[in-house]
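Have a look below at one chain only, the form predicted alone, in structure tokens format.
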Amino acid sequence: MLKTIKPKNARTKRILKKREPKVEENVKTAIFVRGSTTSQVVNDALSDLCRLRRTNSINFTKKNNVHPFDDDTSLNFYCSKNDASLFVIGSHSKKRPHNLVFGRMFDGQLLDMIEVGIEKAITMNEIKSQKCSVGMKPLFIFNGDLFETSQVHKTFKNMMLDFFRGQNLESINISGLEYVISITATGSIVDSDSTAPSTSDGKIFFRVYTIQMTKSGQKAPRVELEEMGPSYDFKLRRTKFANEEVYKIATKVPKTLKPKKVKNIDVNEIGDKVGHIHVGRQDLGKLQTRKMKGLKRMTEDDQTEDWSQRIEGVFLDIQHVEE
């Protein structure tokens, strides 16, 4: 691990202050590391994934003896030295060919990792089409029920959103939406062990498309998707998840960022505001009704006279029957 550095000048002090925890996080930096043995498929995949995060990524072009599932000491050193909380490690072996490991760090330590194998790959250079601009945030499409039922797919979905999240924006310009990342999961869930997380015997298809907006004759433009690349067919392999307590601390939202609760106003799943109005008890006797002769209101004196007339009528009917 890196030793504690005491700032000796203003420049070092500014760098260390920039790395301190903040209420609103900076854009996360990702490092792309090549293992001790790699293939051309892995090298191209690391380069293309780094191009999608060009402004906040560091690509290691030399080989490094990194084995995160066996020993994460060197990985913690690389991430701490480069102030990176996201990493992708590429390797290639006979047992695990064309291998990629996606992972995240928290507080200088390893949080979670997901290992995938590349079964089919198409680089960005092989697809002759228009590319997106630098620093653009993508739209995401997740297809498949496994992203809602499988713990592995849920973590992979959360990890992909964390990789390409970028900076927080208050408003979005439609012209700035330039590309879409589509991730599709197929197959079924396989529970190999009750204590181990569930895995899938299917694949994950990773596709990237650019958004083409053309004239439609209306106010809203016509939207078409054109494949930009890269394109991968992933196969899930090993996983390493964080403990519930550590994950809860890592995803804790500061009190200052939590929205203040307004009385009798909630937000539904879609994001719309729903208000609750509390009405007091109503007196139906004072309710305004349609003015009809049959619905004419009577005072208390009229009601007593009406009842007395009814009673007298009943007695007269009884006397008539007896006679």
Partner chain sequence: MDVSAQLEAQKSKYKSINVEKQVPLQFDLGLLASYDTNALEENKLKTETDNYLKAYTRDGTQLLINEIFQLPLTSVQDVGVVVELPKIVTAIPREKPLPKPKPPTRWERFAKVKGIKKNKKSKLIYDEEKGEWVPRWGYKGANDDGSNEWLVPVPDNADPFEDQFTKLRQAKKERISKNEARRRRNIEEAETGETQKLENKSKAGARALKKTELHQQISVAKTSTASLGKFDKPIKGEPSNTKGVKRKFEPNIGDIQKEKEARLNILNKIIDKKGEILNVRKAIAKNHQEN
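Positions refer to the first chain, counted from 1. All figures in this text were calculated on a predicted structure; none of them were measured in a lab.
The same protein also has a form predicted in complex with its partner chain, omitted here; what follows describes it.
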*Heavy atoms within 4.5 Å of its partner chain in the model of the complex: does N158 have any?*
yes
*Any non-hydrogen atom of N26 within 4.5 angstroms of its partner chain in the model of the complex*: yes
*Answer for F234 alone: is it within 4.5 Å of its partner chain in the model of the complex, judged on heavy atom distances?*
no
*Although its partner chain is absent from this view, report whether K240 comes within 4.5 Å of it in the model of the complex, heavy atoms only.*
no
*Could you work out which of D71, E244, D145, E126 is the residue within 4.5 angstroms of its partner chain in the model of the complex, going by heavy atoms?*
D145
*Residues from 101-135 in contact with its partner chain (non-hydrogen atom within 4.5 Å) in the model of the complex*: R104, M105, F106, D107, L111, K120
